[in-house]
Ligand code: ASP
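First, one chain by itself: the form predicted on its own, in structure tokens.
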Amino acid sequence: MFMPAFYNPENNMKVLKFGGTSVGSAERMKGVAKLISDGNRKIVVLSAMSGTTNDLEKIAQCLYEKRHEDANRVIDSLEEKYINTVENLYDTDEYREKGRGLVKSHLGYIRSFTIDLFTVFEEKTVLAQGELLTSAMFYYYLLERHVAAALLPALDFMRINTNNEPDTEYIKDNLAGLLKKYSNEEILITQGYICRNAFGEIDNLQRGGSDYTASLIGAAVGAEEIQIWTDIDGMHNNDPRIVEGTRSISELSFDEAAELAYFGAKILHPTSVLPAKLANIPVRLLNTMKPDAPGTLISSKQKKDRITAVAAKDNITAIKIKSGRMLLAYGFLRKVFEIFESYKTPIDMITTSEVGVSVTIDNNEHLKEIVDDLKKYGTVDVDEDQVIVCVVGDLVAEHPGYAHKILEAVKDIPLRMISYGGSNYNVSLLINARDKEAALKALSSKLFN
């Protein structure tokens, strides 16, 4: 549970998160510095420079497989990229030297694992270097520009518990101490994504975790607003990579945003909505490349009687369990769900009939074991390469016609499953991946044009 914030919202503290593309080059870092230097006190959460985490994952894989020469080649490439950024970022020899020192230190540390033991614990430490290096470089740039800034190490306040959930009390208390320590600084820089676990080891909040970091910080300090800056001007009403003529949505409710993020809208990480919702702090999605664009405001306000947007979630597997014993048998669904729970595999969609149940999952790591266990209760069919298409809006049952419009739009698309009524904000359709593009275009044409 998120506790009341210690920080006074009247101070107009904002939390701004900038993604990897927003700080992906020296020029873009300079643009971010200009954007945040408005005289107002704020916490700035930074991701690693774009592409860095992918390279660090490649390095980790090479180290696991003891392909040390390959690891060194990726490290060399990463070092060249960062040194080039340093040369173009700073104006003075003093700070260029400091920047080069940062790069050599962090990448030298990674390189040390080519001659030393490498385990999952070291992997988490390697993956943290991108955020640590990028934030330190950006902090040095602010100092060179004589901006009153401080570096707040995320590893000093961001922690997860033994259930891999944020330790909100710890975050709140430790962040409070750091803010008191740096009470005179205008801009407070920290790292997204990285944290410590309950044992004090370096860990992370998983891919996209920088959004989560910003939301957790915003909730902890009672921020006036949380801003997520990316290279897209807000949440769109459909996937702009597939459908032409999509438009940015000016306002979303927390529930609508959570549904869209979970079901495929890449601009926002699914976990990042909940802390802001519980603390009732607005989240604004903005475009670093178009800072004057209004973007999307996410708040507790729900616009009534509308279809808002469509999103699609890829790499879905459908599992159907048919059993004659299911008829009138209490406890059957509990046994099915317990199998998925035992393998820590969440279910996305579910439909039932008298003799069967169909579910979808997006994690196939334990698919074989799950199927083997399910066969104890009946026959099992598995369909991989599926997609969940999610239609989001104010879709309460009292508003007639929405289900008809949605199904009419996809009348020529084979539907594997339909989920309606689980919430007031979502109608989900399961289709084959080959029909995804046609389904998104048909829905856009019918619902928004």
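Remember, predicted model here, so these are calculated numbers, not experimental data. Heads up: residue numbers just count along the shown sequence, starting at 1.
One more form of this protein should be noted, the form predicted together with the ligand, which is absent from this view; the next part is about it.
Residue 210: heavy atom within 4.5 Å of the ligand in the predicted bound form?
-> The answer is yes: residue 210 has a heavy atom within 4.5 Å of the ligand.
Give a yes or no for residue 37: in the predicted bound form, does one of its heavy atoms lie within 4.5 Å of a heavy atom belonging to the ligand?
-> So residue 37 does not count as contacting the ligand.
Verify the contact flag for residue 59: yes if a non-hydrogen atom of it lies within 4.5 Å of a non-hydrogen atom of the ligand in the predicted bound form, no if not.
-> No - in the predicted bound form, heavy atoms of residue 59 and the ligand never come within 4.5 Å of each other.
The ligand contact at residue 48 in the predicted bound form, heavy atom, 4.5 Å | Residue 48 belongs to the contact set for the ligand.
Identify which of 229, 138, 157, 193 has a heavy atom within 4.5 Å of the ligand in the predicted bound form; exactly one of them does.
-> Partner contact (heavy atom, 4.5 Å) among the options: 193.
So which of 24 to 32, 48 to 56, 403 to 411, 65 to 73 is the stretch with heavy atoms within 4.5 Å of the ligand in the predicted bound form?
-> Comparing against the ligand in the predicted bound form, the contact stretch is 48 to 56.
At a 4.5 angstroms cut-off on non-hydrogen atoms, which residues of 116 to 148 are near the ligand in the predicted bound form? List them in order.
-> Residue within 4.5 Å: 131, and no other.
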